[in-house]
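For reference, the chain that follows is the form predicted alone, supplied as structure tokens.
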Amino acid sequence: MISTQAKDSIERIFYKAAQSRLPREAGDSCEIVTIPQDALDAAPEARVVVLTISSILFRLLLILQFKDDAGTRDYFVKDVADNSFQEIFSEVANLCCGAMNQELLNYFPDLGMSTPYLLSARCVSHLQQLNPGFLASYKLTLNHAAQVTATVCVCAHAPIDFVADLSAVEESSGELELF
């Protein structure tokens, strides 16, 4: 129910969001490599941050698996002492999903986005049970220091066909405005 061009558009939207929101500094690199579903490895203690974008036509899950190792912790936490690593990583994941949501709003006007929630990484192996129309996983390396595994899962409730135009200049960084 999801056309090939819609799948390509979803993937390009993910790439743009990941490369613009996951790096902590403007000059940091964000290398993204597609990985097969059977190559996903979840250690029993591994955790994921899950966010959902929902509409009448589909439900998109963005799942970011992180390692609580020194390289990843140092990359995301840096000098912030007030927040935990999981809080900071959840906020970064929220910014990434928010960027995807903003882009998808150009094609689907009524979208809702969840707040981040933490689950065991073992849940990723059960995504096939949702009968997704699009399921892809990626290994992301940020500034040669931190590694994150991202999975994008889209379950369609109706046919989806669109072509994302990502050539427009970004006007907002996704921050909240107070009036």
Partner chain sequence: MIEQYLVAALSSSAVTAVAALTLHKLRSARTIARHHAETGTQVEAFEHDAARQRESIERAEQERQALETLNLDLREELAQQSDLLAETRVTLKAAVDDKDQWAYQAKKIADEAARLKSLAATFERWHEQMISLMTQNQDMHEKNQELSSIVRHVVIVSLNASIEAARAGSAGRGFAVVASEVRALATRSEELSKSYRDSLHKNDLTTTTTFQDIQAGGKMITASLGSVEALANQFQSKLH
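Predicted, not measured: the structure shown is a model, and the values here were computed from it. Numbering follows the first chain given and starts at 1.
We do not show the form predicted in complex with the partner chain, though everything after this point is about it.
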* Asked: the partner chain isn't shown here, but in the predicted bound form, which of 144-152, 131-139, 57-65, 32-40 has heavy atoms within 4.5 Å of it?
  -> 57-65
* Asked: Would residue 112 show up as a contact with the partner chain in the predicted bound form if we use heavy atoms at 4.5 Å?
  -> yes
* Structure fact -> Contact check, 116-151 vs the partner chain in the predicted bound form, heavy atom within 4.5 Å, ordered by sequence, gives 116, 117, 119, 120, 122, 123, 126, 127, 129, 130
